[in-house]
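First, one chain by itself in structure tokens, the form predicted on its own.
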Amino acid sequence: MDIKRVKDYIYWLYYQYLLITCSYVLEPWEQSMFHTITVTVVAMVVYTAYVFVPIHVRLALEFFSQIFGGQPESTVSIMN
């Protein structure tokens, strides 16, 4: 893959981001504040999803396995 094409594609994605968020009409200091807040919010959402989604998925699986006839782990006997 050509480096120039990748660079142009990244510039195009950034331009699309500016158009979608309408931040191209902001002054430079407003743009930097807007980008900082946006990156912070996205980072918090990704962190929250990384930490809490697996816990909720595990709890949901345990809940539905109990509803549909699965045995809880504490009642499963170990057989030799």
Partner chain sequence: MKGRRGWACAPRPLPEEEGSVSTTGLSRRGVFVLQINHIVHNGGLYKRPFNEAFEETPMLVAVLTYVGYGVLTLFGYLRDFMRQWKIEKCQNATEREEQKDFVPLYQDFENFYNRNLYMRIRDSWNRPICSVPGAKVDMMERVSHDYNWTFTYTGRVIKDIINMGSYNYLGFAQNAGTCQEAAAEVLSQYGAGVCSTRREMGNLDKHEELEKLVARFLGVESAMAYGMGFATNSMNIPALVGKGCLILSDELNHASLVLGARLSGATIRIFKHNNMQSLEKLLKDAIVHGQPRTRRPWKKILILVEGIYSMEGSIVRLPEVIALKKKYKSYLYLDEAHSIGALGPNGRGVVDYFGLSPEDVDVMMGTFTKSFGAAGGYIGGKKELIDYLRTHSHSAVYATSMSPPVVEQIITSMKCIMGEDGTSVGKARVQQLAENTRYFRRRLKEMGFIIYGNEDSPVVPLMLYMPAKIGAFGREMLKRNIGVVVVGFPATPIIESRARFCLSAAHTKEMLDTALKEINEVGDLLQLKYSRHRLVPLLDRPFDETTYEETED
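Quick caveat, the model's predicted, so the values are computed rather than measured. Positions refer to the first chain, counted from 1.
Absent from the display: the form predicted in complex with the partner chain. The rest refers to it.
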> Are all three residues Phe52, Ile55 and Phe63 in contact with the partner chain in the model of the complex, where contact means a non-hydrogen atom within 4.5 Å?
Replying inline: no
> Might Tyr47 be said to contact the partner chain in the model of the complex, defining contact as any heavy atom within 4.5 Å?
Replying inline: no
> Heavy atoms within 4.5 Å of the partner chain in the model of the complex: does Ile67 have any?
Replying inline: no
>> Taking any heavy atom pair closer than or equal to 4.5 Å as contact, tell me whether Tyr24 reaches the partner chain in the model of the complex.
In response: yes
> For Leu59, is any heavy atom within 4.5 Å of the partner chain in the model of the complex, or not?
Replying inline: no
> Across 35 to 49, which residues bring a heavy atom to within 4.5 Å of the partner chain in the model of the complex?
Replying inline: none
